[in-house]
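Next up is one chain by itself, shown in structure tokens, the form predicted alone.
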């Protein structure tokens, strides 16, 4: 598996883009021509070859640049990574899981050697060569969760299970869609999902929690979530709203195809062996509209979904202010033909 890593930015001059190969493997979220909330959970089993689902923890052409951006965010705001004291054991679970899966799925990029508790980890893309003792925090430059998630794309929430609920008691969150780990830390499943419209009345979260509480070790699950983002900005946090909130006012008919990005989260759920905690990775993928419409099926379907979505969802997803401009631009890529079922290109 050969990956050509790009040098690009997700802030300031925004040099991010997707190669043609990356476009084809984008996790497009709409399986039909309309959208409404659903649980949409499925097993995170061996995925389609050359797709975002092929590996347990996807590594793509943006890996090195995304890790650089994460380091910048953490330098500016260390509270984007937090772990309550009782979650240390779960942090070691996370480190072991990610290192094991990455070294198996990408042996040319990552190597993990173990002799008892003595470990040797090599991350070739980031030029890391680390000897450490499993379970001994003093042998790593950061706590175990922070150490390994500084080397993994996407955000990671670590959920403690107790009292028939899930509690967000640790995490590293630098690529989020307008929510704050510092605000949500210590909250339960229903509390941190409180702002989502319509889904509560439909019983979506009650069904989702019941499913998640019963996830077994070795049987991870996944789902997709989506929103829209102006410019390819990974860090759209409430803490930095003053930097990105104004971007919505810059959308115009002549730039909408390049400014507006579909932001898709590949969310997976892993039961951890020692702590019984639930790991909740949230991998963010970005694609600008002018890239997305190079896949004709996706252009047609995105036009129909965004045109017909209920107003309260358009507002929650953050694109109500420029919805008409975007839908008008997308309409030129909708020839009225039927689209095939499912998310894959035709």
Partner chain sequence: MSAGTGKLDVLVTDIKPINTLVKRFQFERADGRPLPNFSGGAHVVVEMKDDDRMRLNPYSLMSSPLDTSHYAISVRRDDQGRGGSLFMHNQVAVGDRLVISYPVNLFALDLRASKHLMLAGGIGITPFMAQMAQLAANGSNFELHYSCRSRSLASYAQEISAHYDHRIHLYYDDEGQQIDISTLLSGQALGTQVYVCGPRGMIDAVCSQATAAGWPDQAIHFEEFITPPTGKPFKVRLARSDKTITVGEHQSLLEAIEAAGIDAPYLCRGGACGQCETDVLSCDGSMLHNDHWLTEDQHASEKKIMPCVSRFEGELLELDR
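Computed from a predicted model, the values in this text were never measured in an experiment. Positions refer to the first chain, counted from 1.
Keep in mind the form predicted together with its partner chain is missing from the figure; the text below concerns it.
**Student:** Just checking whether residue 89 would be counted as a contact of its partner chain in the model of the complex - the rule being heavy atoms within 4.5 angstroms.
**Tutor:** Heavy-atom contact with its partner chain at 4.5 Å: present for residue 89.
**Student:** Residue 255 near its partner chain in the model of the complex, any heavy atom under 4.5 Å?
**Tutor:** Residue 255: no contact with its partner chain in the model of the complex.
**Student:** Please run the contact check for residue 131 against its partner chain in the model of the complex: heavy atoms, 4.5 angstroms, yes or no?
**Tutor:** The answer is no: residue 131 has no heavy atom within 4.5 Å of its partner chain.
**Student:** Contact with its partner chain in the model of the complex for residue 124, defined as at least one heavy atom pair within 4.5 Å: yes or no?
**Tutor:** Taking the distances in the model of the complex, the answer for residue 124 is no, it never comes within 4.5 Å of its partner chain.
**Student:** Out of 268, 227, 103, 276, which one falls within 4.5 Å of its partner chain in the model of the complex, going by heavy atoms?
**Tutor:** None of the other options qualify; the answer is 276.
**Student:** May I ask whether 96, 162 and 216 all come within 4.5 angstroms of its partner chain in the model of the complex, judged by heavy atoms?
**Tutor:** Looking in the model of the complex, the three residues 96, 162 and 216 all sit within 4.5 Å of its partner chain (heavy atoms).
**Student:** Go through 228 to 236, 141 to 149, 259 to 267, 81 to 89 and give me the stretch that gets within 4.5 Å of its partner chain in the model of the complex, heavy atoms only.
**Tutor:** The contacting stretch is 81 to 89.
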